[in-house]
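Quick setup: one chain, the form predicted alone, written in structure tokens, and binding and motion questions come after.
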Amino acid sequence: MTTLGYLPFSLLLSLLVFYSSSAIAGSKVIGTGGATTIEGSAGGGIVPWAVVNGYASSGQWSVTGFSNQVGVDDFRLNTLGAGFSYGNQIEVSLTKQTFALDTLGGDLRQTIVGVKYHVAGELLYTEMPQISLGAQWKKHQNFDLPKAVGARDDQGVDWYVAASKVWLDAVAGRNLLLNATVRATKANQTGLLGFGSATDNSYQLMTELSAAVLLTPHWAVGAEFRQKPNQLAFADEEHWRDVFGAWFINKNVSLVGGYVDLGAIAGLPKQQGYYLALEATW
């Protein structure tokens, strides 16, 4: 069994389920904190949503720990991190990423600090979608390879605005969540290949979309699309897609699995494979 972070995935899941029986949870409806993306923000797998992580409502706070893994033909991404939220209003996260170059050899590492602020609307209770503003500061830890292929900087900031809304009884009596995110970014492959290029250091506006059908309060299925910039001359960067299933075991533990199509990465085509995410919330 591959490891996710520092513990085997199955062992970590067992420990979290055992612990969650006595853990404190907030008062938000189950599933409304979403899952945790590969960059540490609450959302789906590859797209941040307007939701705030955890189940903290007004006057409450929440702490989330998460670990994700993406395995495709020639690469493997492991993430490990933690998030904090207060009052269903503000979210702060810290994420460590390790991108293993299984075919090329070696790895790339990145640290991400994220912040999100819920500015208007509600996911469930208002006609207006929930709208949040977010930022992700990203710092590359071993920049030699990205620099060699034309990246300009070893750090950068992504800015985004996200809108999320749940429509009740929208699909065969099931609830439907739709999300749209617009991101301003200089990141190459989300920052794992650095930021900008020798000839282009301008921000690019990218669109990211998510849809999920809530089959029950504990189960959801969905799909996502993430538009990507294409700034490095040595290889094309292609858009990302995924389909996923989410199991909100209780308010303390959730598990997400899915299929990802990341297109070409670093000149290696058809990077397709699996996505796994485990999240614990207190």
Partner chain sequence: MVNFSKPTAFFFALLTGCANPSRTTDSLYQQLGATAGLEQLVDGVLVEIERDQQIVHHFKDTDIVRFRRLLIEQLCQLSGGPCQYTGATMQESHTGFAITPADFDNLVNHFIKVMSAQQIPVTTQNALLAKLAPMYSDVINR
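Residue numbers count along the first chain shown, from 1. Everything numeric here is computed off the predicted structure, so don't read it as measured data.
Just so you know, the form predicted together with the partner chain exists too; it's not on screen, but the next bit is about it.
> Spell it out for me: taking the partner chain in the predicted bound form, does every residue among 69, 226 and 259 have a heavy atom no farther than 4.5 Å from it?
Answer is no for this spot.
> May I ask you to choose, among 98, 204, 111, 175, the residue with a heavy atom within 4.5 Å of the partner chain in the predicted bound form?
Contact check passes for 175.
> Heavy atom within 4.5 Å of the partner chain in the predicted bound form: which of 235, 63, 255, 215 fits that? Just give me the one.
Looking at the other structure, the residue within range turns out to be 215.
> Taking 4.5 angstroms as the heavy atom distance cut-off, pick the stretch from 39-47, 227-235, 242-250, 53-61 that is near the partner chain in the predicted bound form.
Looking at the partner contacts, the answer comes out as 53-61.
> Quick one: is residue 169 in contact with the partner chain in the predicted bound form, heavy atoms, 4.5 Å cut-off?
Because a heavy atom of residue 169 falls inside 4.5 Å of the partner chain in the predicted bound form, the answer is yes.
> So, residue 159 and the partner chain: in the predicted bound form, are they within 4.5 Å at any heavy atom pair?
Residue 159: no, not in contact with the partner chain in the predicted bound form.
> Looking in the predicted bound form, any heavy atom of residue 142 within 4.5 Å of the partner chain?
Contact with the partner chain, no.
> Using a 4.5 Å heavy atom cut-off, state whether residue 126 contacts the partner chain in the predicted bound form.
Yes.
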